[in-house]
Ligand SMILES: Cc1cc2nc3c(=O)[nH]c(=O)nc-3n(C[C@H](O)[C@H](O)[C@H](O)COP(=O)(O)O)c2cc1C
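This document starts with one chain, in the form predicted on its own, laid out as structure tokens.
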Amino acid sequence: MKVLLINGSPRKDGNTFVALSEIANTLEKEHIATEFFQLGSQPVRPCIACQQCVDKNRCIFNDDIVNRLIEKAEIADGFVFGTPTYYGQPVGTLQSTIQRALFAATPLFAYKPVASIVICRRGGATAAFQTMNMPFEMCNMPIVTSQYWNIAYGQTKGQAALDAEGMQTMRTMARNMAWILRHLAQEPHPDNQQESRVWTNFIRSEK
């Protein structure tokens, strides 16, 4: 089994990497393979709702990193998405990546465990954490929890490693991820038994 660790920070070896590395080391001790996926600092298009991806498991735009992530998702058993907190929100490139990848290739992500981790200097981490989780909740992805929200604190490079509770939270989440993966391997989710989707809105035409 393999967990894909997506680093949404433009800094390859910053505090987000520190937290993801703590998770990776714990997963490896649980005999779960890991792979890092770095978003980097290149621009990522937002979703334009063109719906050209429907039933294709690929985004129509192929000039950024999104389809590369989708290719990795095909063989991944679980995911951890990490972001620093800028203005109380996840990094914009990561948000665009998540939205496009999950919309274009929902079947490749559905029923696979996922966790969000957030790095923060001081405030806004819980809002970023909630924002990260919302797309996963819409795509039938079991969200892996921990002893606290998956948050670590740090400002300068490497400082998150000094957040003892934050690092313990990451390790606990990683062990929970391993436990869920082992149980899913024994009894996969019967996705073929899902009900047909019902769509409801609240707009009523006037007579």
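Note that residue numbering follows the sequence shown and begins at 1. Predicted model only: the values in this text are computed from it and were never measured.
Another form exists, predicted together with this ligand; not displayed. Remarks below refer to it.
Contact between Gly78 and this ligand in the predicted bound form is not found at the 4.5 Å heavy atom cutoff.
Using a 4.5 angstroms limit between non-hydrogen atoms, Tyr111 is distant from this ligand in the predicted bound form.
In the predicted bound form, this ligand sits beyond 4.5 Å of every heavy atom of Pro90. The closest heavy atom approach of Gln95 to this ligand in the predicted bound form falls outside 4.5 Å. Heavy atoms within 4.5 Å of this ligand in the predicted bound form are found in exactly one of 35-43, 22-30, 148-156, 50-58, that being 148-156.
The listed set Ala115, Met132, Ala101, Ile119 contains one residue whose heavy atoms approach this ligand in the predicted bound form to within 4.5 Å, identified as Ile119.
Counting a residue when any of its non-hydrogen atoms is within 4.5 Å of this ligand in the predicted bound form, the hits in 75-89 run Pro84, Thr85, Tyr86, Tyr87, Gly88.
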